[in-house]
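Let's start with one chain on its own, the form predicted alone, as C-alpha cells.
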Amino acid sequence: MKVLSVASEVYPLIKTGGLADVAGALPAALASHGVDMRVLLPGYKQVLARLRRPSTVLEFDDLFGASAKVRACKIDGVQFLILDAPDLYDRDGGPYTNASGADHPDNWRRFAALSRAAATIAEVGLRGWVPDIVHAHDWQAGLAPVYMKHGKASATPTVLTIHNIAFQGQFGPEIFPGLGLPPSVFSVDGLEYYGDVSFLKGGLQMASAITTVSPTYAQEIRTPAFGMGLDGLINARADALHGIVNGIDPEVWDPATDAMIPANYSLSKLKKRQANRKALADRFGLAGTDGPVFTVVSRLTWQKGIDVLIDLVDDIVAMGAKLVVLGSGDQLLEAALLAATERHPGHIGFFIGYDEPLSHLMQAGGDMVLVPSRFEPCGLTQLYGLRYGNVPVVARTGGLADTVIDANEAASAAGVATGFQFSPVTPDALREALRRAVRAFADPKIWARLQNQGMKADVSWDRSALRYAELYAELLPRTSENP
C-alpha cells in the first residue's frame, strides 16, 4: 500500500510537540506491514536547511498566490516530500508563530496550501508513485480530505487523525472565498462552524475514516466535556471513528543506547541509572539525591494541569521530594514556577523552553514523571517514562488511562502495576497520588517491581502500526490485488 502522510511538523526535521514524534515514527513502523509511506511537510526555513540534494517532483505556478515546488528527499530512512514555497514558509519563528510568538495572520493560507498540495499529489502522482491512501494529521492538514472530495481524487480513501481536538483551525468567514472550494462547502455539512470556517470540522465531515490517538480519548471526544463543540459531529460519524494508541520510536528512546544521556543502562543493569540521577541533580542544582525526584516535561498550560501542580509545590518539598520542570507556555504559570525555585532553592528546578537532550536526561535521571493533564489525547511523556524507569504519575484521562496501570492493591498484588493514576484533576487528588508514589519509593522492593513492569511494557509502535495497516486495507476498494 502506498500512503501519503500529511503533517505540519515531523521529527527529526521540526518539532513542537507529540504530533512530530508520531508523524516521524509511523513510516518506519508501517514499513514492516507492507506500507510505503511518504511524508508531505511544509518547507519551513529550518526544514530546508536539512535537505541534501533533493529532487523536484512537482511544481505549482500559483499555489494560493505563491510559486511552489515539491522536493523529494530521504532523511533518516524516511521519504520526505517538502513543499518548498518561500512566500508561505520561509519565515523566522516556529511553524505556526512568528519570532514574537504571535500566530502568522495567513496561517489559513499556509496550511490550505499544504492540503491542496496533498490533493494534487493524490490526483497526478509523483513519477509513477500514486498514493492509495492519504493520511492527514490535525487541522493543519484537515482540508486535504475536503479538496480530494471535491476534486479529481474523490475516489481515493482518506484518514484524518485527531491529535488534539482543542485545536480546530478556526478562521473568519472572509477567508472562505480564498480557499477555492465550491460555495456549497461553506455549510453546516461542510466547513461552516458557528459562522466561521473550521479546517478540522471539514476534514471530520469528509474523511473516509477518523482516528484518535487512544481508545479512551475516542470515547471522551463524543461527550460535551471533551468534544470541544464537535461532539455532535463525532457521534454522527461514530462508525468511522477508531482509537489507536500512539507508540514511541524504540531506537530514539532506548536507555541502553541513548547518546543524549551520561550513562546507558537497561533493566538488568538498572544501578547504572544512578549516574543519570546525579547528572540531573547537578544540572538543576538540586541539594543532593536523597528523596524522590519528580520530573515534568510539558507545555505549561491549563490543559496540562500545571496550575494544579503549582498549588502543591510546597507539599512536594514537605514530602522530602524534589521537582524539576522543562517547558514553556502561559506566562503566569512560568512566573509561578520561577517563584517556586526562588522559594525552594535546591529543591525545585525549572528550565524555560524545550531542550531535547535535557528531556532525555530527565527521563533517565528522574524517579517519577508527572502528567496531571485535564485531558490528554494520548501523551508520549508517560511512555518515555515507562521505557526509562521514570515511573508515571498521571491523571486518569485519555491515553494516560490507557497506557499506565495504577498501583492499586489488586494490580500491585498481581505484579502488573506500572505507575499511579488519579482523578479528578484537583490538588487533593494529585496530592494523594504523590503521597502514594513517595511511600512506594521508600520501599526498594516495591519500587523495583514498578520500574521492572514499566520497562517491560510494550510502548513501541508494533501493535498500533498493525492497527493502522489493517484500517488502510479496509478502506481500499476490493480488487483481485486486494481481496
Ligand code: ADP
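From a predicted model like this one, the values you see are computed outputs, not experimental measurements. One rule holds for the numbers: they count along the sequence shown, beginning at 1.
The form predicted in complex with the named molecule is left out here; the points below concern that form.
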Practice task
Name the single residue among Asp355, Asp311, Asp254, Asp330 that comes within 4.5 Å of the named molecule in the model of the complex, judging by heavy atoms.
Solution key: Asp355
Practice task
Quick one: from Thr216, Ser359, Ser208, Ser198, grab the residue that has a heavy atom within 4.5 Å of the named molecule in the model of the complex.
Solution key: Ser359
Completion exercise
Partner contact check in the model of the complex: of 79 to 87, 154 to 162, 221 to 229, 371 to 379, the stretch with a heavy atom within 4.5 Å of the named molecule is 371 to 379
Exercise for the section: Using the partner position in the model of the complex, report whether Pro12 sits within 4.5 Å of the named molecule, counting heavy atoms only. Expected result: no
Practice task
Answer with yes or no whether Leu326 is in contact with the named molecule in the model of the complex, where contact means some heavy atom within 4.5 Å.
Solution key: yes
Handout entry: Contact label in the model of the complex: Ala395 to the named molecule, heavy atom within 4.5 Å
Key = no
Problem - the named molecule contact at Val297 in the model of the complex, heavy atom, 4.5 Å - result: yes
Fill in the blank from the handout: Contacts from 266 to 293 to the named molecule in the model of the complex (any heavy atom within 4.5 Å), listed N to C, are none
